[in-house]
Ligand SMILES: Nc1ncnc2c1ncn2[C@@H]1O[C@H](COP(=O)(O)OP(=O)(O)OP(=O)(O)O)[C@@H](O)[C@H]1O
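Only one chain is given next, in structure tokens, and it is the form predicted on its own.
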Amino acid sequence: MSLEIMGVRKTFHTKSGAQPVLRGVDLEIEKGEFVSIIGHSGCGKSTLLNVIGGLEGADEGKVVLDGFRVEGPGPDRAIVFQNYSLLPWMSVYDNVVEAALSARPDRKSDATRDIAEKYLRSTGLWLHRDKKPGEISGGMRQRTAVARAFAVGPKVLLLDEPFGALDALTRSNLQQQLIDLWSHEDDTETVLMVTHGIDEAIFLADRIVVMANPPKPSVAEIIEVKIERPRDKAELPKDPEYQRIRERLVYLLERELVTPQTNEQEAA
């Protein structure tokens, strides 16, 4: 399985004129890869994820998954947003089950409930399964969203800054939970994650896609993270490869990619 993004262009038309958000994106991602996408606000990170997820169409180019062109949303791709997107009138358990049943109507309901239990236990939420989203913390709501996405069983998991609104300790714990879930999947899913965090990108990813601001081409550089897994977050900063990658990312983000923004509308 591969995910191919070929020549994707996307322009938003605003009062101030045409704003080219995606400017010829070409990427090939192999099955089971964890890819982080990093860049300044407004560079098109979230727009790219929306195009891959089928929530937005590209003006030019195409996205191909397993040989089939992406024409819209589908159960082969699941998206986790920063704002959780849980149904407030449903329990944690029902949020996971409902999404999994809707996405996989061919799967027996008993099997779906077993899968929901598996991921709620894996994320430490099983004891809270009967609570509604308003009765749990932000970190628990985001864990519910992650459990729901894995329960759907997608080929590609798309994460749009899922931990950006959380405190540092909760974010660190969820990063570890995410990597544990991903690495223990029988049929390892491909993950694309938008993030603003340099350390988060290095800890999680096999490759990091650095995106540039307009009017430069969208993909500035792709950095391979040659750090053996499993990665120890406490020991990682001592690794020379970590230090090299971090210095490169800081350089790209602070020097090469700083372009005056004329677009007041955030496209990222």
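We number the residues from 1 along the sequence you see. The structure presented is a predicted model; accordingly, all values stated were derived computationally and were not measured.
Heads up, the form predicted together with the named molecule isn't pictured, but that's what we're talking about next.
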{"property": "Distance check, Gly42 to the named molecule in the model of the complex, heavy atom within 4.5 Å", "result": "yes"}
{"property": "Interface membership of Ser16, the named molecule in the model of the complex, 4.5 Å heavy atom rule", "result": "no"}
{"property": "Contact test in the model of the complex: Gln82 vs the named molecule, heavy atoms, 4.5 Å", "result": "yes"}
{"property": "The named molecule contact at Glu161 in the model of the complex, heavy atom, 4.5 Å", "result": "yes"}
{"property": "Interface segment, criterion being heavy atoms within 4.5 Å of the named molecule in the model of the complex, picked from 34 to 42, 221 to 229, 58 to 66, 234 to 242", "result": "34 to 42"}
{"property": "Site check Ala78, Tyr93 and Lys155: each within 4.5 Å of the named molecule in the model of the complex by heavy atom", "result": "no"}
{"property": "Interface residue in the model of the complex among Arg121, Arg113, His196, Arg129, criterion: non-hydrogen atom within 4.5 angstroms of the named molecule", "result": "His196"}
